[in-house]
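Below you'll find only one chain, the form predicted on its own, shown as structure tokens.
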């Protein structure tokens, strides 16, 4: 499996503000890869640099082994993207928009335009003026435009932004089809953690411009196994457990046991110290709970969680 995207030690400042701070990760051919982070974490800056619309201060970005700074045309030759707010000619039909927009790269046969319209589910609406389109239809039209050059890599910046639940589900279904049936590698940023969990095999998480996690979603579920603990005095119990090295972390009513600690041993310790345990069971880690725990940790802990799991 080849590497399609290589981000190596990339830094970017806007004035005195550090937007991206020494970030490195890669994306393999055939993956659906998610880039996560809070507003201002650096997600859009990284995508802008990948598309050659923003220049890195240092570091290197390669697409298809071509350096975006010195070989931009070659690097972007097989890339389609939705970045920032898509703009269309409101008074023209979707079909005419695609015809005109295709000329910015290369004239596109009508058969290809028909094919991408069908792929994004706009068949029957392609000759309506864009000004009559709903937000969801506009997003599908933007996706059609991104697919026109028959890309191998699709870059999507917040593809579900502004969509209703039905529109989000339709976008998710389309992305999965593009990956499964056409073999497209898809790189997306999103705030919808549930969607990312259903779509992506690997993720990278940014916080204040720094990479704090890079790995497989399966790794999260296997590595971070939390347990729900309902006890008469939770705070006192976790303080004692942590002091004795039996747990690594805790949050709400959840504990993360230390490596090699046997659960009966932990439970026996609590009972021996006079705690009344009414519930103790495994709590499956979700992407949302994992992401929120990353965001709430101290900086030194975040560094420990920057894991390469390829």
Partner chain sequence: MFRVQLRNELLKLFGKKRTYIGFGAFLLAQNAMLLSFHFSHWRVRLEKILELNGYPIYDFISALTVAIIMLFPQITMLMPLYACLVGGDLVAKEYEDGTLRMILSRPISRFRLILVKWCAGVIFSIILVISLGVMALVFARLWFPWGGLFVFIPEPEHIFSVFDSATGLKLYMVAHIFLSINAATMMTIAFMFGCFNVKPAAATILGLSFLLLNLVFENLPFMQDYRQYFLIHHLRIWICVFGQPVNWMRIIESLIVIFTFNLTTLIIGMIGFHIRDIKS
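The term rigid core refers to the maximal set of C-alpha atoms that superpose within 1.5 Å between the two forms. Quantities reported herein were computed from a predicted structural model and do not represent experimental measurements. Positions refer to the first chain, counted from 1.
Although it is not shown, the form predicted together with its partner chain is what the next lines describe.
Undergrad: In the predicted complex, which of the listed residues (29, 53, 258, 244) lies with a heavy atom within 4.5 Å of its partner chain?
TA: Spelling it out, the residue with a heavy atom inside the cut-off is 53.
Undergrad: Only one of 73, 166, 111, 181 gets a heavy atom within 4.5 Å of its partner chain in the predicted complex. Which one?
TA: Residue within 4.5 Å of the partner: 73.
Undergrad: Any of the heavy atoms of residue 135 lying within 4.5 Å of its partner chain in the predicted complex?
TA: Because no heavy atom of residue 135 falls inside 4.5 Å of its partner chain in the predicted complex, the answer is no.
Undergrad: Examine residue 145 and determine whether its closest non-hydrogen atom to its partner chain in the predicted complex is within 4.5 angstroms.
TA: Residue 145 belongs to the contact set for its partner chain.
Undergrad: Though only this chain appears here, would residue 83 touch its partner chain in the predicted complex if you measure heavy atom gaps against 4.5 Å?
TA: Output for residue 83 is yes: heavy atoms within 4.5 Å of its partner chain.
Undergrad: Consider residue 89 of the chain shown here, and say whether it contacts its partner chain in the predicted complex, taking contact as heavy atoms within 4.5 Å.
TA: Result yes; residue 89 sits at the interface with its partner chain in the predicted complex.
Undergrad: So if I measure heavy atom distances to its partner chain in the predicted complex, which of the stretches 114-122, 186-194, 211-219, 94-102 falls within 4.5 Å?
TA: Answer to the contact question: 94-102.
Undergrad: Counting only heavy atoms, which residues in 174-193 are within 4.5 Å of its partner chain in the predicted complex?
TA: Going through 174-193 in order - heavy atoms within 4.5 Å of its partner chain in the predicted complex - there are no hits.
Undergrad: Superposing on the rigid core, I want to see if residue 129 changes position between the shown form and the other one - specifically a Cα shift of 2 Å or more.
TA: Yes: residue 129 shifts by at least 2 Å between the shown form and the other one.
Undergrad: After the core is matched up, is the C-alpha of residue 222 off by 2 Å or more between the shown form and the other one?
TA: Comparing forms between the shown form and the other one, the residue 222 CA shifts below 2 Å.
Undergrad: Has the Cα of residue 85 moved 2 Å or more between the shown form and the other one, judged after a core fit?
TA: Shift of 2 Å or more: yes.
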